[in-house]
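As structure tokens, one chain now follows by itself in the form predicted alone.
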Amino acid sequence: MSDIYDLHCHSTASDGVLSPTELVQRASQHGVTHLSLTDHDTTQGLAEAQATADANGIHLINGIELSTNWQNHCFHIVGLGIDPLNPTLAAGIRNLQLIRTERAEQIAAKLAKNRIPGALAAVKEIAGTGMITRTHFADFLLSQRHVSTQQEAFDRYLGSGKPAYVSTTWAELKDAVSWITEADGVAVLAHPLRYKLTASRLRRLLTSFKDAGGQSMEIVTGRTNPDEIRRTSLFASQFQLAGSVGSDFHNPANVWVELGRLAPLPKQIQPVWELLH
């Protein structure tokens, strides 16, 4: 049986719907052999995921998805094969978590000004001990019937330029990459086409990423089509970056994105798992 890799997914430790245990069990049911749990700005779910992976015969790769800034825009960097106890990475994560907490308070205050009170207490309850994300606010708005879909919550309230949007300064991209490499991990640029950059701007981003020590970029995600895989492969070849594959799975209700249901990595691209310790 061939190995099936899925190196980008989320649990209730950030904005996923399934607990780390449920997530790993679902991955096993879908034939995944190598899984990386990459929650936003936290490694909190890894120990639970590891225990379930051991019980289900899955190889778990410690991961995280860090929020970063480059030229005043937010980009996500996945760290694969990290040591979650590394002090440099742990300190960086703590700082990002403080930023997330402050952002949540500011979003809640803006919603209150728009006659939508009680958001902060509600999202804290929804998130539990996990990271509070904008998705939690979208779920709150949905539950209170201010919107009819999660997407409408972003379109009307939470997206850029909307009444409850909060511009956030995350970690500098070069710093986040260094935290990952110091923790013996491999830094991967997540879903590079989602940022809707021009080709020349994406090349500048990849230059900065590579100069900082980045080694890989996602080629195959849960939503990529063959043309997008071809385009990202060309960039990966040009910048001599390994390729990663990850569904970015959050919720079983999204029938378009499933754990392990991914196109194959093009043969000319070095797989990122060859770089992992």
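For clarity, every value in this text was computed on a predicted model and none was experimentally measured. Residues carry their position along the shown sequence, with the first being 1.
The same protein has a further form, the form predicted together with a small molecule, not shown here; the description that follows concerns it.
- Screening 176-184, 83-91, 97-105, 113-121 for residues having heavy atoms within 4.5 Å of the small molecule in the predicted bound form returns a single hit, 97-105.
- Although the partner is absent here, His250 is a contact residue: one of its heavy atoms lies within 4.5 angstroms of the small molecule in the predicted bound form.
- Remark: Lys210 does not count among the residues lining the small molecule in the predicted bound form, judged by a heavy atom distance of 4.5 Å or less.
- The small molecule in the predicted bound form comes within 4.5 Å of a heavy atom belonging to Gln151.
- Taking non-hydrogen atoms only, His40 approaches the small molecule to within 4.5 angstroms in the predicted bound form.
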